[in-house]
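Quick heads-up: it's one chain on its own, the form predicted on its own, in structure tokens.
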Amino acid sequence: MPRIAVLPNTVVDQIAAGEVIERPASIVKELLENALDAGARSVEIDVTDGGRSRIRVADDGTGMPRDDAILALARHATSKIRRTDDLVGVGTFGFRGEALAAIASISAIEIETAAQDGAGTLLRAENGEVRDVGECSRRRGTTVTVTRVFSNTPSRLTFLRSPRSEWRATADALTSIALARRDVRLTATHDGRQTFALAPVSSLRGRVAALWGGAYADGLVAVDDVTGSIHVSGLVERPGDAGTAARRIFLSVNGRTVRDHGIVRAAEAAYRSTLPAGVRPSLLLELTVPGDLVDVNVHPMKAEVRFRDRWMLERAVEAAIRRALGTHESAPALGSRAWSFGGTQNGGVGTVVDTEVLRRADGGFGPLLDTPPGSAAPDSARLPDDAPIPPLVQLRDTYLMFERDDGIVLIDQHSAHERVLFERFLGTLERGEAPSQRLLFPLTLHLGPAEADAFEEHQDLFTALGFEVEGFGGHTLIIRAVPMPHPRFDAERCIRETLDALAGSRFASAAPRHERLAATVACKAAIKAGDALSAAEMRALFSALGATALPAHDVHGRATIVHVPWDEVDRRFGRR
């Protein structure tokens, strides 16, 4: 074997550069983060040929005096940290002091900088060596121009993609930073064409509107929740909108943009029972955690972080989004006040049923969801008979309709009842309660092999739901007791259709087994389109839906509630 030898500095520098600089987008990101760390309030980025030919980043930050400008090109030279303790809870972007040295080792670099308006320093370096130091005149701030990227490493140059692809990566990096630093003005041009012109804004929604349009921004649900010392905020996609446009993911921890599959999975878990399999929502989340609970020094490009208690963090994210999706804002039918209709809240012509009032109801569904004889009563009392509920009309024995100040609201009765039953069944499975009713005449079911296998796989959960079933030889089952979610419940049809769906994997998803069964049984047990409801049943369904955690979506991700604004009605009649 060859003997061990210490690598030359030129090779060491290029290895380090490879850890920090993957492509032109990495250069733009590092230079922009340095500008932000220098207190810049306005940054201009100009890129040519996807960054292969030229990258220029100009800022109005603090700038550098002559000696600091020269030292900035040395490896591990930084103004951000002084001792090892500073690495814990570090709040700056470019704290390692590797960026400029790494960029200079694989390109030609020119730096113009001034600590105050007037005389400044001009510095040129190439292949890691300073070639020229002089003077220049400029306003306070720094301009870094990078050319001939990877010119001294042809093998890496061959791995660059087309200028369009490289610019797309740069645009993605700029977008992430623009979302995180909304207080800064950012402008960017590519091949002479302006692509970003972002003024400072006060909110994440405002920045999203500037990037992707006001309609998209207005359709997102706000998240703002605190669990212990963890603050989760941001914007997430409504379940009904997921999959209809490009998926966007943005995560930041203490102001630093990161990648973290665990946080994304936790956020997606909050959408369980609201999205069909395979559909994934857009997520724009900002996490604030104590500095000593996060380590940002684990990735060369600072794109990943490590948490002291990941489980606690992920549960906080899931809970925050779950609560946001349970609000009126997540439903396209609901406006600034959930379930409002007809007028003002304080003694006007109309009445308001507030979501919080409805959530104190037990979800009792009148004749449709009466508590079975002999079973425990629900934990929260039913809405009083005089509770303000809007006049409801049933259309085509399928939809409930009522009017509000801002339009007409339609409720799909099957989807609504499915949501009510799903949350009730899920609670039954998770608490271990199993209210049921014995049948006067037991049912005998003859199953096919696939349905019999599905029953065997889920037998424990059927029992937990209140089904009392025993084998009778071969693929025959005897059903002696069933849950009684409503008087219209057809137990034989429900269990046959449930087993058929489970056998055919029609409801297959990554959800836990008990959630999948609860969703399937709820779908099969719910009232159907075409079932005529009495006035009392409609009122009870309205109240029960308002008491659920996620009233706006059924277990398949379809909308339960649809809002038709008066403007749209007027337009259809030619009044606008």
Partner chain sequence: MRFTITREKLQEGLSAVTASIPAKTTLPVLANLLVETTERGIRLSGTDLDIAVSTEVIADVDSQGAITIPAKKLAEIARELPSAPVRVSATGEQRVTLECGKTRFRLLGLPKDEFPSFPSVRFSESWRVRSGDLQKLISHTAFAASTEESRPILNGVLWEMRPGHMRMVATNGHRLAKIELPLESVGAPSADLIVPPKALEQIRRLFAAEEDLEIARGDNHLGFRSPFTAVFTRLIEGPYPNYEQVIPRDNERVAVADRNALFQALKRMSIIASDQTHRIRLAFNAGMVKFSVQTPDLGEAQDELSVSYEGDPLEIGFNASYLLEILRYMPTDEVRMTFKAPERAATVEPMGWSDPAKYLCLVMPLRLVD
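Residue numbers count along the first chain shown, from 1. Only the largest set of C-alpha atoms that superpose within 1.5 Å between the two forms is called the rigid core. Quick caveat, the model's predicted, so the values are computed rather than measured.
The protein also exists as the form predicted together with the partner chain; that form is not presented, and the subsequent description refers to it.
The closest non-hydrogen atom of Gly432 lies within 4.5 Å of the partner chain in the predicted bound form. Under a 4.5 angstroms non-hydrogen atom cutoff, the partner chain in the predicted bound form lacks Thr257 among its neighbouring residues. Residue contact check for Phe489: one or more of its heavy atoms lie within 4.5 Å of the partner chain in the predicted bound form. Of the heavy atoms in Arg424, some are within 4.5 Å of the partner chain in the predicted bound form. Residues of just one listed stretch (141-149, 191-199, 479-487, 213-221) have heavy atoms within 4.5 Å of the partner chain in the predicted bound form: 479-487. Here is the short version: of His261, Arg396, Arg164, Arg438, the single residue with a heavy atom within 4.5 Å of the partner chain in the predicted bound form is Arg438. For the candidate set Thr187, Gln116, Thr463, Ser203, a heavy atom within 4.5 Å of the partner chain in the predicted bound form is found for exactly one residue, namely Thr463. In the predicted bound form, not one residue of 139-155 has a heavy atom within 4.5 Å of the partner chain. Fitting the two forms on the rigid core leaves the C-alpha of Arg185 displaced by under 2 angstroms between the shown form and the other one.
With the core superposed, Gly134 shows a C-alpha displacement below 2 Å between the shown form and the other one. Once you line up the core between the shown form and the other one, the Cα of Phe462 ends up 2 Å or more from where it was.
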